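What follows is a single chain, given as structure tokens, in the form predicted on its own.
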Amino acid sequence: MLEAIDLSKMYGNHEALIDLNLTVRTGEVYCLLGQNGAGKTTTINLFLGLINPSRGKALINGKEVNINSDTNQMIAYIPEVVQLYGNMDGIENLNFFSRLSGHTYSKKELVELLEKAGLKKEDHTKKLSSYSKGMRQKVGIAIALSKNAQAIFMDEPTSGLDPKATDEFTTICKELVAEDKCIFMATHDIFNAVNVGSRIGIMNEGKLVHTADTSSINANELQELYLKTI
């Protein structure tokens, strides 16, 4: 579903991303670890088509991504802070953003999407200004579902979540990949990366320096490897 081939990005003389090669299949959660400035967000922005590579390619389902391509119809993005309208409720936000992407749903279908994303029914009609970060994130996931996105990008999705909300988030991610979606996640959360991820990459100064299957590494081993890398 996702492929980077010698993907690189320079800002002036600064190499933000250097010859990245990776693949992410449907049914996988790929977690990208690294310090701030390691190249994680640059990688996501290249796949989103927000910036063009200096060299190499980003591919989504075999189609090359650039700022003029239409690959955004296959993807969804959930940022660290989900930007929604505080004066509108969950259903209204979902309705608005799904219509922006060209999809129209009945109220019953909107409710089903929010429930599938894990948002409790009693919260659907509350104003977003009263939502916690975890609740906002669930609306973001519902928006991704409304687009029928095949690949979902997430930037620091568990930052600021309490353990219960993190556990709920992990469950939702596993349900999504069971439906042959793929998730590409930039994170600092080592424990959650092992818990939710299928594979993990560690970046340092723009380079992918380590990859591991979560079936062959535990959180302590990953932390030790990560600390050695940075």
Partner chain sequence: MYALMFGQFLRTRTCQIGLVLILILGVISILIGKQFLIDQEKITSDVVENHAGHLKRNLEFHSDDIGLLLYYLEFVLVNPSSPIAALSIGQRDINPSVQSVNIRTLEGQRHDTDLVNPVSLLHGNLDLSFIILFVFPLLIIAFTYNLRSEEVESGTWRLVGVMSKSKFKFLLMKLAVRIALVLIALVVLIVLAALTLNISWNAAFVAFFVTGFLYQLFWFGICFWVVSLRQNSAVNALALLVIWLTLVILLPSALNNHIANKYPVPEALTTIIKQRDGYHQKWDTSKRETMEKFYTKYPQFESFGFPPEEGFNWLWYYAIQHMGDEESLDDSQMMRAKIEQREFKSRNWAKVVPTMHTQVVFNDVAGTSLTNHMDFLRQIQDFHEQIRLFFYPKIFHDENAKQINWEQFEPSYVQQEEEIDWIGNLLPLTIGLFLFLLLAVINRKAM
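Numbering follows the first chain given and starts at 1. Model, not experiment: these values are computed from the prediction.
We do not show the form predicted together with its partner chain, though everything after this point is about it.
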Query raised in the report: What stretch, of 40-48, 166-174, 185-193, 25-33, brings heavy atoms to within 4.5 Å of its partner chain in the model of the complex?
Result: 40-48
Query raised in the report: Does at least one non-hydrogen atom of residue 72 fall within 4.5 angstroms of its partner chain in the model of the complex?
Result: yes
Query - Residue contact check: residue 114 to its partner chain in the model of the complex, 4.5 Å heavy atom - result: no
Requested in this report: Would you check, heavy atoms only and a 4.5 Å threshold, whether residue 119 touches its partner chain in the model of the complex?
Outcome: no
**Report entry** Distance check, residue 150 to its partner chain in the model of the complex, heavy atom within 4.5 Å
**Finding:** no
Query raised in the report: in the model of the complex, does each residue in the set 5, 16 and 54 place a non-hydrogen atom within 4.5 angstroms of its partner chain?
Result: no
Query raised in the report: For 115-147: residues with a non-hydrogen atom within 4.5 angstroms of its partner chain in the model of the complex?
Result: 127, 143, 146, 147
